[in-house]
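Form predicted alone, single chain, as structure tokens, below.
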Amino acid sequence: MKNEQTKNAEYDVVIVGGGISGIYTAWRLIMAEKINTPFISKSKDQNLRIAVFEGSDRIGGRLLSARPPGFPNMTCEIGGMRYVSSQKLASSLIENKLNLPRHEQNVDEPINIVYTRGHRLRNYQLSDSDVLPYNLSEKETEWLKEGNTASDLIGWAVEQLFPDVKTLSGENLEKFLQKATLDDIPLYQHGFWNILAKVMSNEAYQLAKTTVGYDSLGMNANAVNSIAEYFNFTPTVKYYLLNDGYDAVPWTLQKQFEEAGGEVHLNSWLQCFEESSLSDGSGGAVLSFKTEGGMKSVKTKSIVLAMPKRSLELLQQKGPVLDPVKAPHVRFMMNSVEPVDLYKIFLAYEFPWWEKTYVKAGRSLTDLPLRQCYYWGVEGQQPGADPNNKNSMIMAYNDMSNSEFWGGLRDSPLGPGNTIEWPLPVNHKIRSLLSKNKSFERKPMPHAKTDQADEWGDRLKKNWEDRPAPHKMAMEMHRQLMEMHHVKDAPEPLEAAYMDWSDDPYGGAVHFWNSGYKSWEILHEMTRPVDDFPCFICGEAYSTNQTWVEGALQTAEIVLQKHFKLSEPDWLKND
């Protein structure tokens, strides 16, 4: 119905992209008491006409919470899963403003497994160079014997080059790195892997990547941002999960936005946007969307593109912002970041068979393609749950080349005579188009009849049902889990779901800055890439808190405060 209303509609602000940065920006704008800019103004008693246009059938973007049957008190995170105590914007929004229930996440338990190079160790052994199957240098070995752990080898290497980093954090650390040089070359022009290789052996580098859990944290990204990301996570930082799923944040913002008079239009794929005159003679823009009912155009005084790099690339490259001839600097800034693949696969079992190996919580690590194994939980151990319900979930979490391994189990139909026209047909499941592999045959979960039906529960259920894992993928993960835990008689999974975040229109789950770019400057320039046209860009991709919701909120606040002249939110001031 709302899509019909968009024909020849005019708005004050159109936000394209219904991820966290898009719905947050819309929510902040419609709740603002006053806006006073050259292109838009609002007094306390005026209402702006604001609309969010989202290409998919849901608001949430790369946050994707889901719930399989038989887990009425558990929520899995197929997308972004957590925030940390040091992230001021995310923690303040969730805890001070939205008051969403949350709990601390256990990550690295001493008893958990590290299975690497065919050797099965425990976390508490990562300081014992005698049992690590790596040929470390004498200096690296001595450092471990001092009581340090293998997962901190990257930090140790950076400290050899820049001893001051261990005494700095936050803005002080970032300012130091922005001015730092190495071999008389500004640090931002160095790749992170390149500088690590100056002081650590390749064996130590491989060990560090395995025990950190993410290959991307050791990739050859911009050294300034990589070091800042690494050292801003001190031992005192706490990880938090939301009880009802991270998706509860955009869900809550969407409801409040619509109740305040905002419009949300789903299944609306932006094709292009150009300059246009509005009905009152003022300047603005016209946007063309592909919807279920055909092509629709709307006009607006200002545009916010809450979109990652790949989504911007999929638009028609024309108009005052994306035309490479009219605005070549925009293409330069777009190319300053690199999307990174992340893959998540959840398996549900009738009982937690892995507990026979003395692991119950947090994660175990391996150099097998599954990489990180999170023991997501047992339903009967959740607050308010039936203690007789032993249904259990486990998650594999991997990135980069390991994601390619799992992507190879999708049997893509692409080949001679098989092409995909973008954008995909509205409501078409991307994964069903990309995978003709037989889906995992979901089997009845015990206690499934106890699931409670409500609006939020239905959304979580749909998110799970819409993402069935291919049979080959689920069974290969099951095989690797058994190898990792040295268990030969584990029961087969009953449910399986996955998401490959390299799929269009995302192009990747997270982003990293490429070397050679001053990220701290592009961060601001990208929020309004063309000075004389009211188009603004926000999201995690071009933030200096990449890989986190915090980055999406960071750039959204720059757009809101710098360009729309909103005040800093009170709930942030009172933190």
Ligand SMILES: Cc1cc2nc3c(=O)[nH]c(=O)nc-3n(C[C@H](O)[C@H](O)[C@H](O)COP(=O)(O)OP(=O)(O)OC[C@H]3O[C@@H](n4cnc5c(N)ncnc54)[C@H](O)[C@@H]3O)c2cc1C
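What you see is a predicted model; the values in this text were computed from it and never measured. Note that residue numbering follows the sequence shown and begins at 1.
FYI, the form predicted together with the ligand isn't displayed, but the following is about it.
> Only one of 198-206, 216-224, 72-80, 134-142 gets a heavy atom within 4.5 Å of the ligand in the predicted complex; which is it?
Of the options, only 72-80 has residues within 4.5 Å of the partner.
> Counting only non-hydrogen atoms and a 4.5 angstroms cut-off, does W548 reach the ligand in the predicted complex?
Yes, W548 lies within 4.5 Å of the ligand in the predicted complex.
> Since only the chain is shown here, I'm wondering whether K344 would be in contact with the ligand in the predicted complex (any heavy atom pair within 4.5 Å).
It does: once the ligand is placed as it appears in the predicted complex, K344 has a heavy atom within 4.5 Å of it.
> Considering only heavy atoms, tell me if W501 and the ligand come within 4.5 Å of each other in the predicted complex.
Heavy-atom contact with the ligand at 4.5 Å: present for W501.
> At the 4.5 Å heavy atom threshold, is A509 in contact with the ligand in the predicted complex?
Yes.
> Counting only non-hydrogen atoms and a 4.5 Å cut-off, give the residues of 54-85 close to the ligand in the predicted complex.
Stretch hits, in order: E54, G55, S56, G60, G61, R62, L63, I78, G79, G80, M81, R82.
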